[in-house]
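One chain comes next, on its own, written as structure tokens: the form predicted alone.
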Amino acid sequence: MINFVGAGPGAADLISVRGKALIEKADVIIYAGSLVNPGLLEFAKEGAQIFNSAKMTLEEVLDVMKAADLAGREVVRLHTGDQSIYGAVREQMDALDALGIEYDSCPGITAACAAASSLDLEFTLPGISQTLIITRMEGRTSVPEKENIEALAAHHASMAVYLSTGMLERLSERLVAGGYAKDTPAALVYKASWPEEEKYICTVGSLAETARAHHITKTAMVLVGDFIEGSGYSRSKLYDPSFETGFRKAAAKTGTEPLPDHSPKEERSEAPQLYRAVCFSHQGVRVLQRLIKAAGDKGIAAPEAFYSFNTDAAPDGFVSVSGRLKEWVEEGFRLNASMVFVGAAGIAVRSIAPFVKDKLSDSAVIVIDDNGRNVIPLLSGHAGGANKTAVIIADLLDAQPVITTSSDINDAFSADVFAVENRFKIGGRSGLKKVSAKAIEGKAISLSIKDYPPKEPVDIIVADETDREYSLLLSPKKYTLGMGMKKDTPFEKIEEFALKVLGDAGIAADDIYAVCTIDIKENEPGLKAFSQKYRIPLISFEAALLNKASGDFASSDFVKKTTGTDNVCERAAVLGAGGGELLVHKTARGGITAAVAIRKSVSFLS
């Protein structure tokens, strides 16, 4: 019996259990020596004959198989990856058929799968790509004309290109000619899963440059497509609570996990990162559908649509929260999401009442009537941005924004808006009320900055601390939090770890000026949710800029191969702090890293 066995992409422990068992009992092993990991031969039993097919012709391979079969010996023909992909096995099988020799196949893991796994990628992201094209450039082996790179690139599917490392300049040109933009994400993975593996994220236009910079000339897998960036995808229906399968009944959304927006930057526009709306009637559905369409037409992020109406199933594109409105609201407050109620204001008031705590930390809450005529910010008009969001929604619906905040309707100075826009920490609610009341009365508000200490009491003083008299102290936020994490790290883990790092250093979350990271992590759902919940801006830097940060940083070769810089959290924290010093050096746990830097200088007014 001849057993064709896929050796897997390289790592000896990535061969299948069946494949390993076949090697262990084989009397004769013919392996593709140019690509198969020789470590797999250690599974061979003592006395087994081993042949390296890299030095053999097809006829010589067949001669070994014939002789072994005549002697009643078990043969393993060991191919790299999975033999069904560029394995040249069909010609061997046809020859064995002609000779009347039995054979069998044991599959292996192909290099494309190993390359995707090494970068934590999914080829088939809903809304991005549901097709994987496996192909190669033509070399000594030709490619059918209808399967040339240009023709395949026109599909804009996920693509894995084999056996083409030496032709990357031409590959890039042909991918672009076929329809991929030069800045389409691409990846180059050298010897995926081997100990010497190297992996680099780049673009279609920079494939050849990346290979030259890292001296890669062969044995690399090229991946191409928007799936590499991993943003803008839709949530899988298979695991959606509202989706029914043969194994699970549909259920209402429970609110036990955050579902942040995955939309790309340019589509987020002015709307909040976590932006959700619920309606209670058919009229409300129509209002939300109008809002979503108008937002799409103007390139503004639309809210995730929910439906709470006990007698009907949720319309297409809506998620049912029938009977679970309390949980929906509780989740919104937990994530500091902006929430829009389409219906009576009383429903919103009763729903949010148990969760309202503080005007500076409450979620933004907005009400739209069932006819879409009035848009009313109910809660957190200033600190949460409800007033601003209500104006945006009203513009989209051609409705009337009903703003009731005294400072807004009197066109008066708002101390809390001033603090939020300039990222100041507010010291004392009583002072805030006092200053706001004075502004609404039309009286002048006096303000002093620490470098110009007042000779008499003032309304507002901007300083870390002072012994001068004032009504309201606004303090510049002193620290930046640098973070790195594995792909798709849950929000809860990021939150728990970040707060522990800050707590151990005696730092409050509201004293963080910005959360800083590398650009390839800025769309991590968990990180975005953390930024939104604590209202801390998220700042990202390209690897090239991170590499220019000055300081003594912890260095990781793995991180450098993965991201292009040897350290993310410390370098990002320092850059975000304007070159400030590290207060908390790199701390790591469970695939998350964090560091804290002290801001070097503070510009008090933006």
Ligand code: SAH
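Numbering starts at 1 and runs along the sequence shown. Throughout, rigid core stands for the largest set of C-alpha atoms superposing within 1.5 Å between the two forms. The structure displayed is predicted, hence computed values, not measured ones.
Beyond what is shown, the protein has a form predicted together with this ligand; the following relates to that form.
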Worksheet item: Though this ligand is not shown, can you say which of T110, T389, Q532, S380 has a heavy atom within 4.5 Å of it in the model of the complex?
Response: T110
Item to complete: Could you work out which of V365, V76, V189, C516 is the residue within 4.5 angstroms of this ligand in the model of the complex, going by heavy atoms?
Response: V189
Worksheet item: T80: heavy atom within 4.5 Å of this ligand in the model of the complex?
Response: yes
Discussion item. Please determine whether F333 contacts this ligand in the model of the complex, using a 4.5 Å cut-off between heavy atoms.
Written reply: no
Item to complete: Find out whether any non-hydrogen atom of A543 is located within 4.5 angstroms of this ligand in the model of the complex, and reply yes or no.
Response: no
Fill in: Partner contact for V340 in the model of the complex: this ligand, 4.5 angstroms, heavy atom
no
Worksheet entry | Candidate stretches 98 to 106, 532 to 540, 220 to 228, 173 to 181 - the one whose heavy atoms come within 4.5 Å of this ligand in the model of the complex | 220 to 228
Worksheet item: Judged by heavy atoms and a 4.5 Å cut-off, are F280, F306 and A348 together in contact with this ligand in the model of the complex?
Response: no
Worksheet item: If you look in the model of the complex, which residues in 20 to 47 sit within 4.5 Å of this ligand (heavy atoms)?
Response: L35
Worksheet item: Rigid core fitted, is the C-alpha displacement of R290 between the shown form and the other one 2 Å or more?
Response: no
Worksheet item: Is G166 one of the residues whose C-alpha moves 2 Å or more between the shown form and the other one after the core fit?
Response: yes
Item to complete: Would you say whether F280 is displaced between the shown form and the other one, judging by a C-alpha shift of 2 Å or more on the superposed rigid core?
Response: no
